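Presented below, as C-alpha cells, is a lone chain in the form predicted alone.
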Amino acid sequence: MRIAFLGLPGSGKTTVFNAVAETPVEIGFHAEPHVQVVKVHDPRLDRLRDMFQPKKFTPAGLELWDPPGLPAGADERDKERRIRLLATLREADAYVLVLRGFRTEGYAYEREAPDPAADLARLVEELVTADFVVADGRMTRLRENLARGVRTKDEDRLELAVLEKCAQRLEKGHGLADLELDEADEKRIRGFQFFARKPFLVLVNGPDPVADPVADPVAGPVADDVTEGLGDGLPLALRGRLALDAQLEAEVAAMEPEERPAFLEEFGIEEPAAERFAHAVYRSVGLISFFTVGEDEVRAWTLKEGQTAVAAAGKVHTDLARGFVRAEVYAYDELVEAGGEKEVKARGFMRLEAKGYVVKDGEIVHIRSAT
C-alpha cells in the first residue's frame, strides 16, 4: 500500500514524514520523493510470535512517499513542475493532505496566519482540476478518433461516455469515489488513476495547547476536533482526520527507543505518532490485516475490506492464487481462546472456505493450492 504526502510549501510535510517514518530524512527542498516502508505495529502479531516462536517475524508495511511540495507559483515553470509531480503522484494508492496549523518566524508564507481549511480547499482544487484536465484531454482525442471513423470507434464511444460522466461531476465540484460503475467501465478509467476516486486522510500539523499552554490558539491545536468540518462537501474521499504536532513527534521518533516512553508520558502522548498514523490510514483507506503463522514465519498481510480469500492468496504469492483450492481460516481470538492450532482444530474453529470468501480483520489464513 503506497501512501503519498501532499502539502503546500511550508506545511511541515517532511517533518510529518519524519514523525512517522523509521529513518529521518533531511528537511528542505528535495527534487525526488523520499520513500520508506514503515512497519505497522500490531499487538496481535506480537502475541502470535510468542505462541509460534518462528524463525522469521514480518509485520505489515506501508510504503510512504514524501514528494516535493506542490509549487505555489503561477508561472509556466511552476505549472510544468506541478503537472509532472501530479502525474507521478497518481501512482499512489491513497493520500495524506498535510495542512499547516503553526507559525514559523521568518518563513515567507503567502498568508502569515495558518488557515487549514483554506489550504485544504486549495489542495483539493489542484487535484480535482488535474483530474478534469486529464479527462478533458482524453475526451478530445476520443472525439477526434470518432470523427475519423477509426476501427476502435465502438470502444472509443464507450470510453468517452464514462469519461463524460466523470468530467461532468468534476466540473461541478462533485467527487468520483461514489460514482457507481460496472466492471467494464471501471476498467476503462482505471488507467487514469483519478485522484478524486481514491481515499484521502486530512492531517493538521500544529502544536497542542494542552501540552504547550503558550501555543498560538490561531495555529490550531492537535485535538481531534481541530479537523471538524474540514472536507465536508468536498469532491474528494476524505475518509479520515488526524492531528499531531509533527515537530514534537519527530523529535520523539529520533530518540533512542528506551528514552521515548518517559518523554511521551511527560507530554501526555499515549501512542507514538507512527502508530496513530498507521491506524488512521487503515481506517481511512479501509484496510484490514490477516495473518499467516507457522514455525518458519509469522507474518501480517494487508488487504482492503471486502477482498476475498483468493485475493489474500495472491498477496502471499501469485502462484497460490492461480492454483487456489481452499483456504483454512480461523479467527485470532479463537486461537487465543484455544491456546494453539491443534486446539483450534479440535474445537472445530477452523473452517474451509472457497475463493469467494470475504476475509475478515484478524483472521489466520492458510492457502491450499494446486501449484
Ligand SMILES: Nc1nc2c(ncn2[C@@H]2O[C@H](COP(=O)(O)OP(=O)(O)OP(=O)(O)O)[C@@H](O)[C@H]2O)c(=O)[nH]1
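One-based numbering along the sequence shown. Quick caveat: nothing in here was measured; it's all calculated off a predicted structure.
One more form of this protein exists, namely the form predicted in complex with the named molecule; it is left out here, but the text below deals with it.
Heavy atoms within 4.5 Å of the named molecule in the predicted bound form are found in exactly one of 186 to 194, 116 to 124, 95 to 103, 173 to 181, that being 95 to 103. Contact annotation: of the candidates 367, 364, 8, 1, the single residue with a non-hydrogen atom within 4.5 angstroms of the named molecule in the predicted bound form is 8. When the named molecule is considered in the predicted bound form, only one residue from 30, 315, 49, 345 comes within 4.5 Å through any heavy atom, namely 30. At least one heavy atom of residue 247 is located within 4.5 Å of the named molecule in the predicted bound form. Mapping the unseen interface onto this chain, residue 68 counts among the residues with a heavy atom inside 4.5 Å of the named molecule in the predicted bound form. Counting a residue when any of its non-hydrogen atoms is within 4.5 Å of the named molecule in the predicted bound form, there are no hits in 258 to 281.
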